[in-house]
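Only one chain is shown below, in structure tokens, and it's the form predicted on its own.
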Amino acid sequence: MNIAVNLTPAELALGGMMLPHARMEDWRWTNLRTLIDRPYPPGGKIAVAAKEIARLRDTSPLARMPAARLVFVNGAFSQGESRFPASGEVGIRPGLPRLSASDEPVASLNANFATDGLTLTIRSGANIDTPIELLFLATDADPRTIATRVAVDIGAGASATLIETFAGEGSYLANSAVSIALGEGARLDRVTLERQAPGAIHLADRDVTLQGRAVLRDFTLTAGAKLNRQNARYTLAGEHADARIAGAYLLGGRQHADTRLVVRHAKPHCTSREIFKCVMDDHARGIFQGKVIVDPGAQKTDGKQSSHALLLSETAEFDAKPELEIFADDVVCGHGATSGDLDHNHLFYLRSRGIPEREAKAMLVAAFVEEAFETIGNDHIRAALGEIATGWLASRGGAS
């Protein structure tokens, strides 16, 4: 017997694809069928003046940092706007890469609608000192879906710093899929800066695999978009792999951000850490769903995760769902979650030293998220993100 389903305008615009809804356990707090309230048809080619691209590019807090920059404009890779790595040990191949099949809804959307992308390769043994930034820009135009796909391959013993920056103007749905493979003994420092337009929707899916003795330092700052959902899967596929995954939310108004992480320990002697610091004000809602899976035989696993929320108003909300699935008996694993408002004793101390209330609150917010920044090895990047955290509260006129 066929069951009729009334598709929403957004689903009709996406070719009849059913969006995730609250009856799906991993989407219980982020019902895209109701949160996406207008059509976002697949975007076509949009003509953009060079000065508009430059203006958007210069809004990035990392715009003046020396880096190679690979620029996407409205979902299309722009070789003319890009600054390619000087090292011959970095390979760039434009075009849609083939990514592993996934039943994740965000990945399925990307598989159907991605129009451009690239493959980034770091040769084995190469040490790339200059950061490489993937810059995704969206200009103000009709509501549309922008979907991109990137594959990153870090060769054995190689090291690099990768930045993913998202920024834009107007109303659009950005769908990003990233696949990262770290070879034996490789190291990747990855920073994602999500500062989409206030009227945008940001959906992201990433799949990361670490071989033996590979090291990953991964940080994500979520500060833009009215709706943000990020799915990520990390597989520690070789012995002595080490993954440190961190993130921070800076949310206000009615922003909604949901992060779903799954870290799988597939081999023995691996270490993983997850720490998220989430700041919500006004009617903002933050969600963190983290799962650590220890496969049979993955003995001597050391896996821990924690999420901490700072609620600056009585109407802000934070939901946490930590999970452990352990199928080995010689492991050290744990999780924790906390939420609360600013420490009024600390605020009083700063005020008693003559610091204005707005500035004092901003300092406390910056101190709260600082622990998440510790995974960032590059001093310039860490300082730039620290300035964002310090200035966030003041730019919004202070907390309630």
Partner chain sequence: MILNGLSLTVNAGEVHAIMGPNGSGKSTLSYVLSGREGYVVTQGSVTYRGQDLLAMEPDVRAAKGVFLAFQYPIEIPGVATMQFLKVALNAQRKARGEKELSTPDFMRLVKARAAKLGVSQDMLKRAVNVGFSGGEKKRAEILQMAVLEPSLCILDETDSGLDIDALRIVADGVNALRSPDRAMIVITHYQRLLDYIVPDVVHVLSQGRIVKSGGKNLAHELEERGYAQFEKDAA
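All values derive from a computational prediction rather than experimental measurement. Positions refer to the first chain, counted from 1.
Form predicted together with its partner chain: not shown, discussed below.
Novice: So in the predicted bound form, does Pro66 come within 4.5 Å of its partner chain, heavy atom to heavy atom?
Specialist: Pro66: no contact with its partner chain in the predicted bound form.
Novice: Although the partner isn't part of this model, could you tell me whether His335 comes within 4.5 Å of its partner chain in the predicted bound form, counting any heavy atom of the residue?
Specialist: Output for His335 is no: heavy atoms all beyond 4.5 Å of its partner chain.
Novice: I'd like to know whether Asp37 contacts its partner chain in the predicted bound form, with contact meaning heavy atoms within 4.5 angstroms.
Specialist: Answer no; every heavy atom of Asp37 is more than 4.5 Å from its partner chain in the predicted bound form.
Novice: Give a yes or no for Ser352: in the predicted bound form, does one of its heavy atoms lie within 4.5 Å of a heavy atom belonging to its partner chain?
Specialist: So Ser352 counts as contacting its partner chain.
Novice: In the predicted bound form, which of the listed residues (Ile53, Leu62, Ile46, Met363) lies with a heavy atom within 4.5 Å of its partner chain?
Specialist: Exactly one residue meets the criterion: Met363.
Novice: To test your reading of this chain, name the stretch in 352-360, 29-37, 327-335, 54-62 whose heavy atoms come within 4.5 Å of its partner chain in the predicted bound form.
Specialist: Correct option: 352-360.
Novice: Considering only 333-351, what residues come within 4.5 Å of its partner chain in the predicted bound form, judged by heavy atoms?
Specialist: The stretch 333-351, when checked against its partner chain in the predicted bound form, contributes His344, Asn345, His346, Phe348, Tyr349, Leu350, Arg351 at the 4.5 Å heavy-atom cut-off.
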